[in-house]
Ligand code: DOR
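Single chain ahead, by itself, as structure tokens, in the form predicted alone.
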């Protein structure tokens, strides 16, 4: 048998250890992992020069924009950014133009993405107004639903507990996950309106409006809904110590609760926000260093299930405005996440196993990506090749994303992705995109 590709002279992270091996790839899947002498003949060979192969990383929280927001990002530039960052699969959020919240809008979005993506893409949907449409959306392949508690985005009235209860009963019966942005809208808007009325338009007012209590209240509120429905819920970008404690209180036997943290909530603080300014403004905002320490402790203790970038690109001019309330919130993160994490590995704050677990194994498990997340025979040949010794500075001006800015700009990092394989095809090589659009696969709920 002659296979498509052999990757030789490499080290691979397999079952919690690093092994010297070669990988045989055929028809987009891993066929064999063994010593080079045991490899089948191949059409092509690549010498990886003793660099490390990780399972292709999965980012479960990404805003690819496109459609009516294509000026911020589109499917090609967003997935190019993912590939450049060593990410082989992303899950796309639904707050688009139009909002992804029906079978029709989901199908159109998938069609728009097809043949333009460089990595694999799965799609969230917002809740429709009519819960009877939920099953139709799932039939089209939505991987999960998203609930924004901070503002009204989809068709479900977020201020109506009866409507929330009905929707969560339906998704529970259908065994589909709901990802939640947990900030209490009423508390948030009340404080925000009072600041606006008093003409308080600075970053400090934004921080007070998006307080820790706003996050905690939303988490606790939603957990009451979950207790009545036993729905699968994933809390996005937990940002505070007490927010994490509230999530942990919900992680009781029989409850299907998971959560994530982001690099910006781990590695930035309000001091950085004050220094960088609104370029670093996001929702929920970065917090005091005590909260970042609590989140890192949560990772070490296994309380936080995954890491995700919350890649949220905007046009540069949208990151500046007359008042803080008019600034578009969110930062690009696809191209900085892995280098930042590998730097923490180098400094001894995280292990390589932590990175693989948080960005490959657990996301694959939580979102039911059954043929991804680890290196084994039969899995998709999604591979992230890293150079753990490579030192450089983050340069946002060279991002593949349209959003060429970052609060991490000029940060020194050690460890970088140097090659990205998607479905057995080399997509990124030493920072350059070397594949044609369409390599990526549209992932549909299984």
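Positions refer to the first chain, counted from 1. Quick caveat, the model's predicted, so the values are computed rather than measured.
Missing here is the form predicted in complex with the named molecule; even so, the following discussion is about that form.
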Each of 65, 181 and 330 near the named molecule in the predicted complex, meaning some heavy atom within 4.5 Å? yes
Notebook entry, point to check: Though only this chain appears here, would residue 310 touch the named molecule in the predicted complex if you measure heavy atom gaps against 4.5 Å?
Noted result: yes
Just checking whether residue 262 would be counted as a contact of the named molecule in the predicted complex - the rule being heavy atoms within 4.5 angstroms. no
Note to self: So in the predicted complex, is the named molecule close enough to residue 283 to count as touching (4.5 Å, heavy atoms)?
What the structure shows: yes
| field | 4.5 Å heavy atom contact, residue 95 and the named molecule in the predicted complex | value | yes
Testing 322-330, 240-248, 221-229, 135-143 against the named molecule in the predicted complex with a 4.5 Å heavy atom criterion leaves exactly one stretch, namely 322-330
Picking from 109, 291, 372, 314, the single residue whose non-hydrogen atoms come within 4.5 angstroms of the named molecule in the predicted complex is 314
Partner-free chain; cross-checking the named molecule in the predicted complex, the single residue of 168, 124, 148, 76 with a heavy atom within 4.5 Å is 148
